[in-house]
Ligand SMILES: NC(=O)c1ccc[n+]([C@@H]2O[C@H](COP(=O)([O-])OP(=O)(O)OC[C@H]3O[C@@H](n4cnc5c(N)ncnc54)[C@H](O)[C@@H]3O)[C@@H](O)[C@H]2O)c1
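Next up is one chain by itself, shown in structure tokens, the form predicted on its own.
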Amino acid sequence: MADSDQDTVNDPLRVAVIGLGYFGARHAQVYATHPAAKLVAVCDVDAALGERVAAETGAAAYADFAAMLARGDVDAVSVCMPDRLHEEAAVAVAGADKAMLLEKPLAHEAAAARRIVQAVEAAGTRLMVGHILRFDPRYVQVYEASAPEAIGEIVHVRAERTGIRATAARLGARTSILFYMGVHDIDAMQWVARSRIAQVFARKREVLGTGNEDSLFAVVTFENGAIGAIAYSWAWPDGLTNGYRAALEIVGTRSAAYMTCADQGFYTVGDTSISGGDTHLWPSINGRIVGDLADEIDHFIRATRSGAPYVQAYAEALDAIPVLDALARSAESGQPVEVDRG
């Protein structure tokens, strides 16, 4: 059943959120205001944070996700923890037989990602990975424009994503430029190319002392013969408007498609500075979070209630993680690396 069809379940989806940081708090807010969902519980190791979000949303607060999962009135869970903490929570959610929306990336390495998938399959429950670009109209239109009958044989795919130093400093060694930023583009490149990446050759720079790579560039080869280029950096000064830039292009023998996030169409200007605003990802408009994140969570709610397939199969989300592992190994060794999908 499509998302637009009548829901087959009349009762709201009863949802909990694990991890109430930047994304988790937004997940909680979207669920709390969604007409087809009921936020029943939130969980964070910071008990004060959990109590604050609970007070704002009417949910019960927990500091231990095992205790929260023992509730009998939770149908689905958003896991919004740092990627290195995904495995324990995701396996527990699967074991509790709850449908799960797991923020990207699936995990911090391929082995952990496979264990999460194995737990989901063993439990026979449902998993959706929060690849938000699958709900961004700009990226979706690049995907549609790159259909084989339109684009022909693919010549190359190029992606870039630029962030600011404050982001890298805030995250420190808890993640990496590949898993925090890069997973977006690896998934998008394989999606629009309709082909998996088979080999990577990466180089990186680390000079700013944030605990992360400052920049990482790579050349990749797809299984269908196309070549690709990737440019990642969060070395830009913090004054970069909107705090990030991203672009994606695909060129084929018949046509090409391109998108950029450099301009979101809104600025504020002072005598000495200019700043932008979010008009696509998760802007708060009239007291509600709208945009790509709201659409992603809306899809999760409706598809979970109706039993419809999620817009992205978790196998595709899993497929990006070995590529990230290969990029990390190549950047360390300075040599080309074959993607090992086990």
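In this text, residue numbers run from 1 along the sequence as written. It should be emphasised that the depicted structure is a prediction, and the values quoted were computed from it without experimental measurement.
Missing here is the form predicted in complex with the ligand; even so, the following discussion is about that form.
Student: The ligand isn't shown here, but in the model of the complex, which of 249 to 257, 262 to 270, 92 to 100, 169 to 177 has heavy atoms within 4.5 Å of it?
Tutor: Selected stretch: 169 to 177.
Student: Within 4.5 Å of the ligand in the model of the complex, heavy atoms considered, which of 289, 308, 49, 311?
Tutor: Going through each option in turn, the one that passes is 49.
Student: Looking at 320, 18, 326, 15, which has any heavy atom no more than 4.5 Å from the ligand in the model of the complex?
Tutor: The residue in contact is 18.
Student: Since only the chain is shown here, I'm wondering whether residue 45 would be in contact with the ligand in the model of the complex (any heavy atom pair within 4.5 Å).
Tutor: Contact with the ligand, yes.
Student: Are any of the heavy atoms in residue 243 no more than 4.5 Å from a heavy atom of the ligand in the model of the complex?
Tutor: No, no contact at 4.5 Å.
Student: Quick check on residue 130: any heavy atom within 4.5 Å of the ligand in the model of the complex?
Tutor: Close contact exists here: in the model of the complex, residue 130 approaches the ligand to within 4.5 Å, heavy atoms only.
Student: Using 4.5 Å between non-hydrogen atoms, is residue 204 touching the ligand in the model of the complex?
Tutor: It does not: once the ligand is placed as it appears in the model of the complex, residue 204 has no heavy atom within 4.5 Å of it.
Student: For 64 to 88: residues with a non-hydrogen atom within 4.5 angstroms of the ligand in the model of the complex?
Tutor: Residues within 4.5 Å: 65, 80, 81, 82, 83, 85, 86.
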